[in-house]
Structure formats: C-alpha cells, structure tokens
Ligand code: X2X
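Heads up, the chain below is alone and in the form predicted alone; it's given as structure tokens.
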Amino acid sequence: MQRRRLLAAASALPLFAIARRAGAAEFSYKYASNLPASHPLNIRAQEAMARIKAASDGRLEIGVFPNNQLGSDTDMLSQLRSGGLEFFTLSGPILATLVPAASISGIGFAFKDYAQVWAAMDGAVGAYVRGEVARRGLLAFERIWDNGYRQMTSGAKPIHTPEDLRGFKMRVPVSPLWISLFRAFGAAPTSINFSEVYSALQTHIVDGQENPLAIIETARLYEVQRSLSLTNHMWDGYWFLANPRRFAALPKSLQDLVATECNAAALRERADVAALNATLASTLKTQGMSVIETDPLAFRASLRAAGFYGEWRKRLGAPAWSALESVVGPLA
C-alpha cells in the first residue's frame, strides 16, 4: 500500500521536476577543443559554461573537454555532425575539410594586422563563411575566437628566409591549405593531428612545426624545438560550432543565452591572446629558444611567384576572394 502511494505521488510530478530534484540538469551537453586546458580559449570557454549553468538555474550544463580528450580533430568533427558532441571549436583551415570556404581566413600573409583581421572576420568574410558552414549542416556562432598569428619553429636548422624551407619537414595540421602553403615554399609538409605533435618533434619525425605563440608555450613545444622564427605567415581563428539539431532542442531562451555568452567569451579571449602575444616571444626566449625576426614581404613574394594566390583564388571562388580583398587589397 505504501509503495503504491509513493508511485502515485511520483507519477503526479512532471518528469523534469523529478530530474531537477535529483540534482540533474535538464540538458547535459558537451563542448570539446584540441587546445590545452591552460590556453585562453579553454579558460574563457570554461568561464562561459559556468555562467550559462548559473544563468539557466542549472537547467543547462555544458561539460568542457580540452586537449583532444574526445579524439582527434577529424573524430570530434564527425561527432559534432552526428550529434554525439554538441559544441566544438575548430580552426577555419581545418574546418575546410568539410567547408572549403573556411580556408579563406588562413590565406598566407593576407592580413597585415589585427585591424584587418577583425574587419574581415566580423564583417563580410566571416558572414560568408558562416553561411557556407550552415549549408553543410552545422552552426557557427557570430564571433570567431583568436588563435593568433602563426609562427615557425625548428629543431634543426633555423628558418631565416623562404629558401631555408626547401626540403624542410614541416608538421602541418590536417588541411589542404597548409599543405599547399608549405609546398609553395618547397618544404615537405606532413599532416599530423595536434595531439601527436610533441612526440613527432621529439622523435624527429618532422624537423619543425608552426603554431601561434600561445600554443607553442602552453603545449611546451619549446622543450623539443630550438629556434622560433617570427613569420606571421598565417592568421588563425577558431569557429565556435554547434550541432544545429541539438542546439534547436534547447528552448529559445537557452539558445540565446549560449550564443550571447559564447560570443562575449570570444571577445574576452581575443584580448587575452593579444596580451599574451605582447610578452610570449620574450618568455620563449627565456625558455631556451632563439628568436629570429624575418621579412614577411620576402615570404609573400615567394608565394606569389609560386602561384599560391592564383591557385587559391580559383579554389575558393570569386565571392570569397572578393570579400577578402575588399579588406586587405589585391593579393594575386
């Protein structure tokens, strides 16, 4: 008799009330990234997820999984597309394996400074890429996160000029753009997922790698590389991506909350990366790396002579290329 009363009382309560009373969130989602937990992107993402949980009164809880905990970039992108993962941050040129137009943000030596970067990515270039992302079944939030200008490092010969890259075994992400860029320099690019970069450098599978300063420092790559060449050869940003079906399953108020908090966190993360970039070259020098200043114009001229810009104008198409050149001027 007592058991029947308890069952009857429980059945009279809404299911969500029972779950909330047990301390469970109404929606439990996951966010993943390939960057170390100590990177500004993951620090700000963690803060955003905490604010989302608090502002939703615990209805929405988004777990944070940094440092490739849920697999390689290709694994996590597949999980995102299937709905096994709700949110994922990914570099544009890597996203380009699914959305070719996403490569546009990483064209070599396209942006002379951050003013041009944000004019393009918060403007026509970013809007074009987000539209292409939507056409391929994903959702990209409005504000792209900063990964920084990419620099080259070497465990073998230092890189001073484009000629130093001839035959150089350079680790690059799994992306056609990076392969094309370094082949244009005469290098031997090797695609390796980021989770395997440290060991590949340590065992000399590759001679060097290229990444923004914040990643070189937080991933401790200075332990397995001897020199840092400040090339600014590519600007790199991370799109905050969502599975549209899982995102649409949230009430509109929670959708708005997630978008607002994630876009605001992106702006805070941009400021963090800018502050870090002002000091990281000196920090890496104290950690044992020699720091080499280079001439970006010499590298850009080498790419132009190799036909790199003409090739990518054809591959990306007139709309994307015109949007880029409207900000940075003629490239080819």
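All figures in this text were calculated on a predicted structure; none of them were measured in a lab. Just count from 1 along the sequence shown to find any residue number.
The form predicted in complex with this ligand exists for this protein as well; it is not shown, and the discussion that follows is about that form.
The partner is not drawn, yet in the model of the complex one stretch among 146-154, 246-254, 103-111, 122-130 has residues with heavy atoms inside 4.5 Å of this ligand: 146-154. With the partner removed from view, the residue among Phe141, Trp178, Phe87, Trp235 that has a non-hydrogen atom within 4.5 Å of this ligand in the model of the complex turns out to be Trp178.
Only one of Pro173, Pro162, Gly208, Pro189 comes within 4.5 Å of this ligand in the model of the complex through a heavy atom, and that residue is Pro173. The closest heavy atom approach of Asp73 to this ligand in the model of the complex falls within 4.5 Å.
Interface residue remark: Phe182 is not counted as part of the site for this ligand in the model of the complex, having no heavy atom within 4.5 Å.
Remark: Ala48 does not count among the residues lining this ligand in the model of the complex, judged by a heavy atom distance of 4.5 Å or less. Although the partner is absent here, Phe194 sits close enough that one of its heavy atoms falls within 4.5 Å of this ligand in the model of the complex. Contact check at 4.5 Å (heavy atoms) against this ligand in the model of the complex: all three of Leu35, Ile94 and Ile215 pass.
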